[in-house]
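Presented as structure tokens, the chain that follows is alone, the form predicted on its own.
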């Protein structure tokens, strides 16, 4: 079994080169006194460092000048009053800095920001001052020159494709970040979706390998699951959060990678870890082969308030089993029969114990008899139900306002995946247009972390101001548009 140092060395071998672009805002200079402010527009969402020059106007500045500099992914964020923030995440993620400048100089802000707009307010200056030569140095590891047109004949789908590509580009730094404004770490759930989209855009296999190895180096919990996120700055650290559906989806991400690259060296490095994730989850099954809750575990599925997750989690397990069994068969691994047998038995158990014949849906006591789109989607993706019965189930559940509905583009991705699995291509196109197209209509440069059309202020963190407006798990409509030629 390879150790942490081996995996970290492989991750370092695949360290991507950052590409820098200097962006000049729409305004070139600003003469001001105390209380004056200005808003700069970069013309595009960007991730990087802001700099400007500061000088006197006529009389020498004989006391420090205090500036407030606010960075916004959209104008609403620029206009928000951060002092009113009531969210559950730290307010230090809100992008506003107070700086004091002692004398005329070139100022480069040390912190990295994600923004399109920059608001500069002169909080205090005892003499008129001039700010000029504004510049924003943007970074990404995505090579834009490698990006080809989507080929779609639909104007809205082309716009969605463009915004999705920009979303992925902004999140591709030295690894796949979940959001360049907030968190700035590598999560398995985001990694899987970013990698899928990368294969149809920049095809940067280096960064995918790096991310897979970074997780392989992480410390598993007592149940044997990989950590759900990792940091690389200022040093490598694997997070203390362990999300069971993410641990399973790591296996799917490895399957995706091998299917796309046929890189047997990387697969051989990671295959034992993949087996261990499935074996660890198998240990949580009861005598009926249904997952049971474990002390200290957590499953994500979606940020939908009040969502019960056990049926969905079981579906993620079956989905992963099927993908992994197919991989083992393709490479001639002796364990193929083992995992295929488990797959068939667990799938049968789901039909027996999790499906309600009267309600014609996956509603059961494990989820307190809750009806959710999530449960139906994951049972469809896991192959527990298919054909016309699955089509009717999906349609009815999406239209049922009493059912729990997806709240994040992350879960919406799997809804679209289920539609395409069932051959509902036109339905999938309309779903993409309604969800991601809705953000485009609202002026999105990049796709958002959470979007509920009927509730524009929805936030998983109890305050919209902390939401990320450029979030990795939102980039996948491009994957669907290009792979399925929508």
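Everything numeric here is computed off the predicted structure, so don't read it as measured data. Numbering follows the first chain given and starts at 1.
This next part talks about the form predicted together with alpha-L-rhamnopyranose, which is not shown.
Though the partner is left out of this view, residue 178 does reach within 4.5 Å of alpha-L-rhamnopyranose in the predicted bound form, counting heavy atoms only. Shown alone here, residue 461 lies within 4.5 Å of alpha-L-rhamnopyranose in the predicted bound form, counting heavy atoms only. Although the partner is absent here, residue 303 lies within 4.5 Å of alpha-L-rhamnopyranose in the predicted bound form, judged by heavy atoms. Of the heavy atoms in residue 367, none are within 4.5 Å of alpha-L-rhamnopyranose in the predicted bound form. Look at 181-189, 138-146, 383-391, 336-344: in the predicted bound form, residues with non-hydrogen atoms within 4.5 angstroms of alpha-L-rhamnopyranose sit in 181-189. For the candidate set 324, 281, 414, 246, a heavy atom within 4.5 Å of alpha-L-rhamnopyranose in the predicted bound form is found for exactly one residue, namely 246.
Residues from 462-486 that approach alpha-L-rhamnopyranose in the predicted bound form with a non-hydrogen atom closer than or equal to 4.5 Å are 471, 473, in the order they occur in the chain.
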